[in-house]
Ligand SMILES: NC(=O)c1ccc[n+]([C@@H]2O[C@H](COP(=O)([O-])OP(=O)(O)OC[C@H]3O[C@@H](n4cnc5c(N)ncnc54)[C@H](O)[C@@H]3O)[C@@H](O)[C@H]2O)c1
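The chain below stands alone and is given in structure tokens; this is the form predicted on its own.
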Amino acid sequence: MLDTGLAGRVCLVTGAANGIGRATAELLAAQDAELVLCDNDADALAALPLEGLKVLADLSRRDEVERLFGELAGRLDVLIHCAGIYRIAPLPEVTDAEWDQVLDVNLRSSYLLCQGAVELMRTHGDGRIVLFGSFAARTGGLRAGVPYAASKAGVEGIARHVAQYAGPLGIRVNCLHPGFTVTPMTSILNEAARAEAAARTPLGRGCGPEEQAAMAVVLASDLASFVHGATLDVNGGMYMA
């Protein structure tokens, strides 16, 4: 059996109450990691049947992120940032308020979390950060709106910058770009749009959240000990670099 090296590691998962975040938390629990589970959905977070520290927070706000890190007792080994929002308004219908919301939740949170995580991880010279971008960052999006595509392209840029800064500190940083994944977030797409996304995927289907989670956990584990500054496309062949 492959050893991920995650047993006993303090692992922070954002968006942990649903979708890819929940699947990631479940896989980390199976590796005997010490979980910190963060979400902005109080009811779903409370109902999450996993052991660990549960923190309700709006990660687009610096004070909320600082409060989250303040609850970690000075130790963090892994950050897997799954939280995000998805919007599909066509370009002429995008409002400034929608643009600001999506960029704050998807992009600003990534910057704030990386900033805080690196400061904690550098104290013990080791750490792993996995950020979630999107297939939309590669293509501009099929159904995704412009703020979503822009925010996820920015996430990859943050990952590359933080990788250059944090690598010499012993901290590995990588980005994962999912393709069409069946989660509560993508449920805003109608049936025709979901069918189209599956049809445009060479494997002929959407992805399960557990399939994305598995790749995130691998990137955070000892199995990927020399993978750094990379972007992993997990899209069933919908985009081939």
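Worth saying up front: this structure is predicted, and the values here are computed from it rather than measured. All residue numbers are counted from 1 along the displayed sequence.
One more form of this protein exists, namely the form predicted in complex with this ligand; it is left out here, but the text below deals with it.
**Student:** Of 161-169, 88-96, 114-122, 128-136, which is the one stretch near this ligand in the predicted bound form, taking non-hydrogen atoms within 4.5 angstroms as near?
**Tutor:** Every other range fails; the passing one is 128-136.
**Student:** Taking this ligand in the predicted bound form as the reference, which of Val36, Ala213, Leu59, Ala33 has a non-hydrogen atom within 4.5 Å?
**Tutor:** It is Leu59 that has a heavy atom within 4.5 Å of the partner.
**Student:** Of these, Glu196, Asp41, Glu66, Glu51, which has a heavy atom no more than 4.5 Å from this ligand in the predicted bound form?
**Tutor:** By the 4.5 Å criterion, the partner-contacting residue is Asp41.
**Student:** Give a yes/no on whether Thr186 approaches this ligand to within 4.5 Å in the predicted bound form, heavy atoms considered.
**Tutor:** Yes, Thr186 is a contact residue.
**Student:** Considering only heavy atoms, tell me if Val78 and this ligand come within 4.5 Å of each other in the predicted bound form.
**Tutor:** It does not: once this ligand is placed as it appears in the predicted bound form, Val78 has no heavy atom within 4.5 Å of it.
**Student:** Within a 4.5 Å heavy atom cut-off, is Asn174 in contact with this ligand in the predicted bound form?
**Tutor:** Asn174: no contact with this ligand in the predicted bound form.
**Student:** Flag Ala17 as yes or no: does it have a non-hydrogen atom within 4.5 angstroms of any non-hydrogen atom of this ligand in the predicted bound form?
**Tutor:** Yes - in the predicted bound form, heavy atoms of Ala17 and this ligand come within 4.5 Å of each other.
**Student:** Using a 4.5 Å cut-off on heavy atoms, which residues of 73-102 contact this ligand in the predicted bound form?
**Tutor:** Sequence-ordered list: Cys82, Ala83, Gly84, Ile85.
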